[in-house]
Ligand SMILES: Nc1nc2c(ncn2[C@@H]2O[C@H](COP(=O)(O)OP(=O)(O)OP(=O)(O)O)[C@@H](O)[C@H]2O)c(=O)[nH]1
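The form predicted alone is given below as one chain in structure tokens.
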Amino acid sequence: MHLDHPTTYPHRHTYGAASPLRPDGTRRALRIGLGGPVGSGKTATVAALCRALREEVSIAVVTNDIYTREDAEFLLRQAVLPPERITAVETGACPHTAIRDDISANLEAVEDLEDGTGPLDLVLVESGGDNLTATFSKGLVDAQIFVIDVAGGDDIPRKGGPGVTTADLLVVNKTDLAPYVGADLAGMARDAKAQRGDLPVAFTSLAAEDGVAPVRDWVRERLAAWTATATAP
């Protein structure tokens, strides 16, 4: 039997690139999103970046978890930034929903941080753990880092997916575990190159001293470019 009901679908939010200006006309902070599977080291990377850059630039962090504030609480326990510079969004749904589809809660969190802590240079927005399809809306962040780890399988770069293929920086984390899990780092580098072309890839081991250096240096380059566009005539 045919029922003559109209076909309806949930509304999908769409966003263009975020304005580089705040409502008062001042330049806003550069926003960088970090996504990746559960356990890949996103929060540890955020913590390491905060430690590496907090003496140079004014930073704040927004974390995303489905029903908890666990990632934000980890950063608070590690004292990587003053408490007022770390806030959490509880998405209540798949993590990519709040970073790609309806970004309003994250935008509000970012704007509240800028209003409450004074001028910021950099806001890091960490997604909850998700799969290889997780990407950030351009209405939320200016650039995206996607974090995978060698323990998740050295075939991940070959499998691709939007996170791997389109992120502005792909981070292959936990390289110190490669000998123990049988991961072929050279093969991962070749596969990442095949999937990403000229887009950069950083191999990191946060267990090593200054192990976040490749990511830190990439963030510095993005900050320099952001500052240059703000001061260009």
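Not measured: the values here are computed from a predicted model. We number the residues from 1 along the sequence you see.
What comes next is about the form predicted in complex with the named molecule, which is not displayed.
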item: Any non-hydrogen atom of residue 56 within 4.5 angstroms of the named molecule in the predicted complex; value: no
item: Residue 41 within 4.5 Å of the named molecule in the predicted complex, heavy atoms; value: yes
item: Proximity of residue 206 to the named molecule in the predicted complex, heavy atoms at 4.5 Å; value: yes
item: Residue 177: touches the named molecule in the predicted complex, heavy atom cutoff 4.5 angstroms; value: yes
item: Every residue of 71, 126 and 129 near the named molecule in the predicted complex, heavy atom within 4.5 Å; value: yes
item: Partner-facing stretch of 185 to 193, 48 to 56, 25 to 33, 169 to 177, counted where any non-hydrogen atom is within 4.5 angstroms of the named molecule in the predicted complex; value: 169 to 177
